[in-house]
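Taking the form predicted on its own, here's one chain by itself in structure tokens.
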């Protein structure tokens, strides 16, 4: 049974009102949370990390999604692979730490031993007729989009990620993700449903009133605005922003850096959106003084003032690429009212902390912003649980991307339910 209604998920989808937030059960019901995992997180491409998470042969990263646990590893030939983290003997989890480095994968239970390509190498006491070739680790679909790692737990993964990779390649390649290292990672548990975390990310309606650090480099107008609601000062700022977008896009595109918007957030299974956005003031990076946090620029970039390339994917990620560093975010549902937000900061692989970059300067904008967003997510989830809650209208000016996220979600659920 649903927590707050006896209406079936199919019926709830059928009566969904476009342009409004979802009904209460979508945020609070254990039944719909379980359905979300099956229909969304076990069937679509999920962003889980970056190639620099496993920089060397034998490096392993574990990612847990619902009841699934996945190993991401770099094998002896330098290839990155993904496997279910389940021993083919009696099902024990093989690797338990989030990050580790191994020669072989050895299950602690009965010492079944696997090569890094997933082949079962050794299983004692199984008899002469036991065929090790039938008991290798089960592979998981993995796609690296210029160093961003996506996995899909479905038997047949959506093929349109190849088109995503083709379109995003020219945007991402100059930032050379494969030549970076993870300088810092923060895992934040937000006290709200995962869809509330995503909806909060898809708008900046709340930015001016809640993000004093982020709104130093970032313009709130990038997500849209209503001219009629703005005073003279804000109207001038919005006009200045629009002029910057036109001028800088022309400048960046002319220099060979794709910058213009691509938006496929709700018209395809592997939804995504990108755009290179101006950074205010010094225009270099998402830092408190808007100047680069790392003096060693990424890839072959020689110009610090490259703005911020934003890349959003459905259902669970967003990323910001600057000239000096990259920030990636992944969202993993833990329960109907708890969500893991994992943030990684990447710098050039040769950058030295304390010499080329200061970790506090690098991370302080998004550590503060994530904490503020986590509080807002908790506020919304608490209110959504109330008997007084009913779906409210989105702003047609500033919450268009929220509507696209919710529309994409409903389409995926409807497709799963048939």
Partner chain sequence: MTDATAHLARHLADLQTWDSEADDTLVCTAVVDETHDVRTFVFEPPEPRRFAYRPGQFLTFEFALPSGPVNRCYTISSSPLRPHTVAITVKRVPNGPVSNWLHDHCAPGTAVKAIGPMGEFSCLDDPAPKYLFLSGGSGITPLMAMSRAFADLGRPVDVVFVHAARTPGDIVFRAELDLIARRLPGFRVAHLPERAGGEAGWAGPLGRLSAEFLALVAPDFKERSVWCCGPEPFMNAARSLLGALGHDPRLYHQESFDFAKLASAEPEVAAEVLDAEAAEAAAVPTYDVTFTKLGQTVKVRADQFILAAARDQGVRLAASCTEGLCGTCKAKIVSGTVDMSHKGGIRKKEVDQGLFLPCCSKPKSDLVVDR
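Numbering follows the first chain given and starts at 1. Keep in mind the model is a prediction, meaning the values are calculated, not measured.
Below: the form predicted in complex with its partner chain, not depicted.
A.B. asks: Going by a heavy atom distance of 4.5 Å, is residue 59 a contact of its partner chain in the predicted bound form?
C.D. replies: Yes - in the predicted bound form, heavy atoms of residue 59 and its partner chain come within 4.5 Å of each other.
A.B. asks: Applying a 4.5 Å heavy atom distance criterion, does residue 116 contact its partner chain in the predicted bound form?
C.D. replies: Looking in the predicted bound form, residue contacts with its partner chain include residue 116, since a heavy atom lies within 4.5 Å.
A.B. asks: Can you work out whether residue 106 and its partner chain are in contact in the predicted bound form, taking contact to mean some heavy atom pair no more than 4.5 Å apart?
C.D. replies: Judged by the heavy-atom cut-off of 4.5 Å, residue 106 is in contact with its partner chain in the predicted bound form.
A.B. asks: With the cut-off set at 4.5 Å between non-hydrogen atoms, does residue 122 touch its partner chain in the predicted bound form?
C.D. replies: Heavy-atom contact with its partner chain at 4.5 Å: present for residue 122.
A.B. asks: Exactly one stretch in 203 to 211, 149 to 157, 235 to 243, 96 to 104 has heavy atoms within 4.5 Å of its partner chain in the predicted bound form; which is it?
C.D. replies: Selected stretch: 96 to 104.
A.B. asks: Please tell me which of 300, 76, 261, 163 lies within 4.5 Å of its partner chain in the predicted bound form, judged by heavy atoms.
C.D. replies: Selected residue: 76.
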